[in-house]
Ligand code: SAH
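Below you'll find only one chain, the form predicted alone, shown as structure tokens.
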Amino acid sequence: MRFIIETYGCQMNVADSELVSSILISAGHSPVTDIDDAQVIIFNTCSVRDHAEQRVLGRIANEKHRKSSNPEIKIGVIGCMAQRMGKRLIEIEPGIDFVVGVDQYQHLPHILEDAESCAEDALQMDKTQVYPNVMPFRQDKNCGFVTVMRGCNNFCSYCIVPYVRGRERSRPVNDIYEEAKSASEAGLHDITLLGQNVNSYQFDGYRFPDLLRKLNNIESLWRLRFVTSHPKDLSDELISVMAECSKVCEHIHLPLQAGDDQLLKKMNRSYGVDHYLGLIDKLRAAIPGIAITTDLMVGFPSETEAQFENTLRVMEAIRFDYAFCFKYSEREGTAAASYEDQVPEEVRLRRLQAMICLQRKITLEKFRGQIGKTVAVYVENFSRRSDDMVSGKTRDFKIAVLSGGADKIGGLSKAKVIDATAGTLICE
């Protein structure tokens, strides 16, 4: 059958969509890029925030009309939302034909033949599942995502991830190495390693710093990145390895979430503001010019105006290159969902807007601080605004645009930064 996958959420879901595509292609099914050509429409979903789930339900409702004109079309939901809600999804939205959890993608070919046959098994969690011997079907021909571990042990009080993705389990070192080598040899020279907490990777005596050293030796690999790092597990050794390995990029995504110790404790983040600030100092001392990005949350239960102001002060002290800012979203089944003193929605929105405005100002200043510098851009595609311009990323994870054509795509270009917005370096 001809299938299409719409992906929502994090880069882990992007990697999982490539994994699912590979499983379906191996069973004889064919991917398409136009939904009008698809016989199977699969939504790979996110449950981190309610908004992400509502978007998917809206998309499914929009696509139900296809089944009325062609009853043979199948609609399926996979990923975190499928794992969290299970059969309730089919009750909420009768247009859904099948629901498959994050550890049971191997059942998908059989489910396409008989959606009822694996209804129970398709939602079981498997504490050992790392999908061995499956090489993802790469849709991006320049950058690749390689999953190094699945699941999470941290149980932050606001987060649904450990409940829908299970506990941590790491992939074998050689499987990761072969996948990264194969991808880079195929032209994906910029590889990002994925895990809910890559710092805690451990397999057969290998830890995450060891893995970075090993992958740094792949000749066809030009750039190596990773997400996400948990501050409680960011070791001095990892910082040293980042500095010594030439292919590891000068960028780290290090979620702070809040700049107040009491809030961090209620979030079960296992570190305080001083510890986090100490990590920033170590990173900047070891890797001059490193870009630091983060996640920040407003409106966590009981957050006071003073605590919110503490977070803004920490943002001003650190000056993140970029921050993903979110308002707290209550997730059924998490500890924080039962907390008293939930912050009113209008207060969450006001604080979120103030946080975004501050970070946008800092980001613009950081980007404009690059004007006059020469940067190495790994060109990934044409610019969205002009076919006479191409777009790519610098080593420190900044989007850059410069003049050029198709011959530049997939290669490295040195360019001088002549202007900047709060999100893009304009180069020549």
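Don't overthink the numbering: it's just position in the shown sequence, from 1. As the structure is a prediction and not an experimental result, all values here were calculated from the model.
Although it is not shown, the form predicted together with the ligand is what the next lines describe.
Enquirer: Quick one: of Gly86, Pro255, Pro109, Pro209, which gets a non-hydrogen atom within 4.5 angstroms of the ligand in the model of the complex?
Expert: It is Pro255 that has a heavy atom within 4.5 Å of the partner.
Enquirer: Consider the chain as shown here, without its partner, and state which of His29, Arg49, Lys67, Lys366 has a heavy atom within 4.5 Å of the ligand in the model of the complex.
Expert: Partner contact (heavy atom, 4.5 Å) among the options: Arg49.
Enquirer: Does any part of Phe326 reach within 4.5 Å of the ligand in the model of the complex? Heavy atoms only, please.
Expert: Within the cut-off, so yes.
Enquirer: Check Cys159 for me: does it contact the ligand in the model of the complex (non-hydrogen atoms, 4.5 angstroms)?
Expert: Within the cut-off, so yes.
Enquirer: Can you work out whether Asp295 and the ligand are in contact in the model of the complex, taking contact to mean some heavy atom pair no more than 4.5 Å apart?
Expert: It does: once the ligand is placed as it appears in the model of the complex, Asp295 has a heavy atom within 4.5 Å of it.
Enquirer: Could you tell me if Arg351 has a non-hydrogen atom within 4.5 Å of the ligand in the model of the complex?
Expert: Heavy-atom contact with the ligand at 4.5 Å: absent for Arg351.
Enquirer: Assess the spot marked by Thr228, Arg269 and Arg331: is the ligand within 4.5 Å of a heavy atom from every one of these residues in the model of the complex?
Expert: So, yes: the whole triplet contacts the ligand.
Enquirer: Just one of 183-191, 306-314, 151-159, 210-218 has residues with a heavy atom within 4.5 Å of the ligand in the model of the complex, so point it out.
Expert: It is the stretch 151-159.
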